[in-house]
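Single chain ahead, by itself, as structure tokens, in the form predicted alone.
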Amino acid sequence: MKNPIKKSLIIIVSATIAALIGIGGCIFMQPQKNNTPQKVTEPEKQVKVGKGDQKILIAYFSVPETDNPNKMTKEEENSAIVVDGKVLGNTQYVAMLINEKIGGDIYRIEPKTPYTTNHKALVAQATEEQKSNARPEIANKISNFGDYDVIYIGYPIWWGDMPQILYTFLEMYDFSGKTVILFSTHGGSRLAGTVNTVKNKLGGATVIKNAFSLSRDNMEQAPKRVDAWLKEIGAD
């Protein structure tokens, strides 16, 4: 969550994404009444990453610091992208691009107590959570997690690590036998060792080494970069 100046960005994407974001692009979407989500390959292992009859879940955590596309501050621009006039978090946008390309069910990790959108307060809160190794509670649990074969997990990098709520998510479910594919947005830290962190936590899962990483300063490249990455891992 560093603060280099980031340009305002308006990208017109396909009607599929426009439909996905039609609920309004709010900073924190309220948990759905129905908690069921809406509907690298490592060559030496020949891991399947979502083709055929495998069921795919695309789970992500994202915190845009505003829902107003106009007159954004530097910090707000760093955390978000404007798509068809709606504000999306950077990681949220990548999740939607993946979903558009490969299908599957998409699920937003929602904290029981929403994070503030005030930048200084958010920095302080996230820093304290990291120092205390907190496990923020998740509001919208997945009732049918066991049905999924391939789990894509997306998150921003906060101070060289995943946000603590990702640890909550990883500890909530049994990932045994599942294929896990990571994607991330960052302000300069790249993946920050989080692939190994997840591999160590999910000993019973196959975690694909070739995770996706994109700087917040290069969000205009997201459609092309996501497409190329999905081809690399054999998902497209």
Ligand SMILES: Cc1cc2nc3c(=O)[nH]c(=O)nc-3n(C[C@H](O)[C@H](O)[C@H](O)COP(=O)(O)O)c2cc1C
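Computed from a prediction, not measured in an experiment: that's the story for all the values here. Start at 1 with the first residue shown and count on from there.
There is another form of this protein, the form predicted together with the named molecule, and it is not shown here; the text below is about that form.
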*Does any heavy atom of I151 come within 4.5 Å of a heavy atom of the named molecule in the model of the complex?*
no
*May I ask you to state whether T179 is within 4.5 Å of the named molecule in the model of the complex, using heavy atom distances?*
no
*Answer with yes or no whether L122 is in contact with the named molecule in the model of the complex, where contact means some heavy atom within 4.5 Å.*
yes
*Hey, in the model of the complex, does F145 get a heavy atom within 4.5 angstroms of the named molecule?*
no
_For a quick test of understanding: in the model of the complex, does each of K101, S213 and D227 have a heavy atom within 4.5 Å of the named molecule?_
no
_V87, I157, A95, L166 - the one with a heavy atom within 4.5 Å of the named molecule in the model of the complex_ = I157
*In terms of non-hydrogen atoms within 4.5 angstroms, which of the given stretches 66-74, 203-211, 166-174, 179-187 touches the named molecule in the model of the complex?*
179-187
